[in-house]
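First, one chain by itself: the form predicted alone, in structure tokens.
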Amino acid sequence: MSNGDIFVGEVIGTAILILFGAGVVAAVVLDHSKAKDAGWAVIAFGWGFGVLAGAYTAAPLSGGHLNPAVTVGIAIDTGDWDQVHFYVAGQMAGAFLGAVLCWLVYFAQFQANAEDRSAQPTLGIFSTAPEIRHPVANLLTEIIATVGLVLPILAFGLTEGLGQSGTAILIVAFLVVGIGLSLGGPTGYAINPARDLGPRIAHAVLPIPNKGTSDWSYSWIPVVGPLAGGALSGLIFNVAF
């Protein structure tokens, strides 16, 4: 795969991921949405379908990592770091783009949100925030949840035919749903630095009315935690498999 294909594939795939993921959260939490109050399970499945659509789209160009933690885990496993920066740059650009597209889709709802004095801040549509702010616990949650994502992804590569048939992407999509349902409660399960940081930057710069703070004091946790989890997954995989 060329560097250009990797960058373009990751931009497109990650944008689709965030469009679906941020979109389902917006659908559930914003007023005047037909999916208002649909619940956590709907959000978890929406993110899973985002992974499904984004990864299948990006796979022919870049392999469909869509996540710096996955890219780092693979690099540690293979020892090949030459194209990591192209992956991460594409993922960050795609995450920002996907957040902008979500804002455009729900533009009228965001405008209506400004007129409601009881409306909630909008950062949770774009990025994660903990239910209980405890940096050590929040960081450990993100590390553990990311190992729960990246280590199985690495192990799927040992099953002959999964990658060639495309079945691995479907399985990863359901894995993301499972992580959301089982491990997403404490922090909102970033498990992906680009997924959190790119949309957080978009939230900060977009003219969203009544949007509230972008909470930069927390922003390092959904970046450092998943990167640590991805690196730990690569190390465990090298030792155990």
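What you see is a predicted model; the values in this text were computed from it and never measured. Note that residue numbering follows the sequence shown and begins at 1.
Another form exists, predicted together with a further copy of the same chain; not displayed. Remarks below refer to it.
Partner contacts here mean any heavy atom within 4.5 Å of a further copy of the same chain in the model of the complex, and among 191-199, 64-72, 209-217, 26-34 they occur only in 26-34. When a further copy of the same chain is considered in the model of the complex, Thr122 lies well away from it, no heavy atom lying within 4.5 Å. Though the partner is left out of this view, Thr167 does reach within 4.5 Å of a further copy of the same chain in the model of the complex, counting heavy atoms only. Contact between Ile221 and a further copy of the same chain in the model of the complex is not found at the 4.5 Å heavy atom cutoff. a further copy of the same chain is not shown here, and in the model of the complex it never comes within 4.5 Å of any heavy atom of Ala114. Using a 4.5 Å cut-off on any heavy atom, the residues of 178-207 that reach a further copy of the same chain in the model of the complex are, in sequence order, Gly178, Ile179, Leu181, Ser182, Leu183, Gly184, Gly185, Pro186, Thr187, Gly188.
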